[in-house]
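First, one chain by itself in structure tokens, the form predicted alone.
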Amino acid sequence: MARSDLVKALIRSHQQGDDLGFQSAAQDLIQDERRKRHDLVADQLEAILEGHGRQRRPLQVSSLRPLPKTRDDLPLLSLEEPRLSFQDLVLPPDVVDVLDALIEEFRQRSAMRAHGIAPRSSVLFVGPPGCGKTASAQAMAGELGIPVARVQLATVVSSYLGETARNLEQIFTFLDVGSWVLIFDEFDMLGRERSDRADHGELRRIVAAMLQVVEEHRGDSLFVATSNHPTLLDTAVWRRFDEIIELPAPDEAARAAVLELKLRSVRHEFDLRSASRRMEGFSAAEVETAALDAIRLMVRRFDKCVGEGHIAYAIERGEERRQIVNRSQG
């Protein structure tokens, strides 16, 4: 890349608040100086860059550009700081390997493009409710140090003819500037199978528009969709994503690991594996809720650690909630 292009990329990323893009452009500029044998300048630039990293500014979750809105002036996106990292989750090793690779590709996207290879930028998480799909997307943003943009599904879907497709186009146009992790929960609501007999022409147009914007997305943002009901997805949707990751319900060992992780801030004296066995069928989110319920009970009773009685109460409350949900779903 020409030096003028490197300088423009550096200034552009700074203007957009894209810290990762700034770091990447700065590293490219340093490497360019080393290729020219300007080692003193390269060393000075590296020292400045290291100081920038140590005194990194807080994430900019606002945007100089207005958020995309519906024709009724309702926001299509909400912006927020990521609140999780991979250290906050219990994920299968094979899933961790894929996520690590995606993170590294994103960090090295300039180098990959220089080799004529596009980094993977769209991911579909599938799995039962509460297994960590949205949390994993949040953790990806946390690892990358970039803000989260969450799709407001209630405002994206419009009763106006053709308006939903326009809303989708606005969202992905917004992503062209800066770096975000766009989270689209319940993606199956828009990516439904077009051969559905209960379908009508507008839904087919929406799915077609969705397929097009996903396929054409090539910016410096990650698009992460989640689905609890992947069987509802149109067959063409699967091919539009660069990566598909399935998150299973936690087994006994995973439930014990989630318990231990969520209780790490307090003393606990009970058999984790025994408690995990009693949580058969619990999702990761339900295990986390049980851990928090146990801590709350400990605090209310002025106890000094979470013991068998606290976790037994939490498991019982979890079972009661599960029964309520099962009854409501018929």
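Keep in mind that what you see is a predicted model, and the values were worked out from it rather than measured. Residue indices: 1-based, along the sequence shown.
The form predicted together with a small molecule exists for this protein as well; it is not shown, and the discussion that follows is about that form.
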Based on heavy atom distances of at most 4.5 Å to the small molecule in the predicted bound form, which listed stretch, 69 to 77, 207 to 215, 96 to 104, 255 to 263, is the contact stretch? 255 to 263
Verify the contact flag for M279: yes if a non-hydrogen atom of it lies within 4.5 Å of a non-hydrogen atom of the small molecule in the predicted bound form, no if not. no
Using 4.5 Å between non-hydrogen atoms, is L297 touching the small molecule in the predicted bound form? no
Touches the small molecule in the predicted bound form: L89 (any heavy atom, 4.5 Å): yes
Closest heavy atom of P129 to the small molecule in the predicted bound form, within 4.5 Å or not? yes
Go through T164, S122, Q152, N228 and name the one with a heavy atom inside 4.5 Å of the small molecule in the predicted bound form. N228
Identify, from the list L272, A42, A26, A285, the residue with a heavy atom within 4.5 Å of the small molecule in the predicted bound form. A285
